[in-house]
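Only one chain is given next, in structure tokens, and it is the form predicted alone.
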Amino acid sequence: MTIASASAPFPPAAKRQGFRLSGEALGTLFAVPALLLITALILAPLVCLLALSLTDYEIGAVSIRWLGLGNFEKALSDPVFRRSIGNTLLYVALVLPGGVFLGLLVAVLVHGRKRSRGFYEVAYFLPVTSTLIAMAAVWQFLLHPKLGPINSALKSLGFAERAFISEPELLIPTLAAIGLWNLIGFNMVLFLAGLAAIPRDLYDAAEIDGAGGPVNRFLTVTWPQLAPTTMFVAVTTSITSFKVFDTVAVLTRGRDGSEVLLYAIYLEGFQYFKMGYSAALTVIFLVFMLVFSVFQAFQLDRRVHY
């Protein structure tokens, strides 16, 4: 009787096995809504995008013709699309290093302040909360060749007035400067979080070892400890840079050769109604973004120590 009572609370092996399987089935059931949501919002649109990129579909057309890779061949020989790739790469080349290192510089300067730190955090983060489309009128006034304060300041310093949003050689650098203005505050917040996570003991140990100056402390302690944060900031900044659209659409509308990738896609799809060709350009853009992000993350991860 004692043996039976001792073994009673434990179910047979078959029942325990059945309970484990039912638990797995229950977990799968809980994952089904998330899987359906991913399928509806990500996988299904991607499939539709790939299908459209292989056709000549236009908005309002009554028939669709299968083109295969014709849209992609057209994109490779399209001078507007090739120019938009060059403009986008130039924009990224200006914004990516500037956004990372200026964000780091601002974060280090703000992190060292005591009483006024909150003020500077809000001041630098305000451009992130502003909408570039709403700020376009302000930037048009600031950069006006005759009435803008920027040209007035240049003229007072003895420089010639420049039409920053009209001269082709200044268009992309000007847009990059506006992009940096909008991006530095967000990167500053990320670097401030990384700076707050660095143990104070490391600075004390570095000072004992002879790294007493601020530059030495930054190079021996701060910069290595911020490597994971720098990697994340670099990847997110590059993705944001490749997705530039607002400033081009509002300030230049692609004139004077200022097209970028997303604006070229927008023109083909919603101005010229060539949805098939626009879908092909979107596929090229997504593949390029995926390859670039993976390569960048792989290269940076090799240099990061967690």
Partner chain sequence: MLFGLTLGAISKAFGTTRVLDRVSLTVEPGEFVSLVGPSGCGKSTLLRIIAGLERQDDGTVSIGSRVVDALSPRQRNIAMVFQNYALYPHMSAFENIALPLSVGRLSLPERLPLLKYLSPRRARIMREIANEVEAVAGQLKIEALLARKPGQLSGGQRQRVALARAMVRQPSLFLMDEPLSNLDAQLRVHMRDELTDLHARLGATFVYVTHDQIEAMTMSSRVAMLDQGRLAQFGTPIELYDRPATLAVATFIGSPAINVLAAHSDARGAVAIAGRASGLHVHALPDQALSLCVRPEHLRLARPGETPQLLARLRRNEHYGAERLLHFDLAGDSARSVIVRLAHDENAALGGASETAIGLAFEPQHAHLFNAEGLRVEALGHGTSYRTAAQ
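In this text the structure is predicted, and so the values were computed from the model without any measurement. Positions refer to the first chain, counted from 1.
What comes next is about the form predicted in complex with its partner chain, which does not appear here.
The candidate spot formed by 204, 211 and 221 lies fully in contact with its partner chain in the model of the complex, as each residue has a heavy atom within 4.5 Å of it. At a distance threshold of 4.5 angstroms between non-hydrogen atoms, residue 200 is in contact with its partner chain in the model of the complex. Within 4.5 Å of some heavy atom of its partner chain in the model of the complex lies at least one heavy atom of residue 215. Within this chain, residue 225 lines the site of its partner chain in the model of the complex, having a heavy atom no more than 4.5 Å away.
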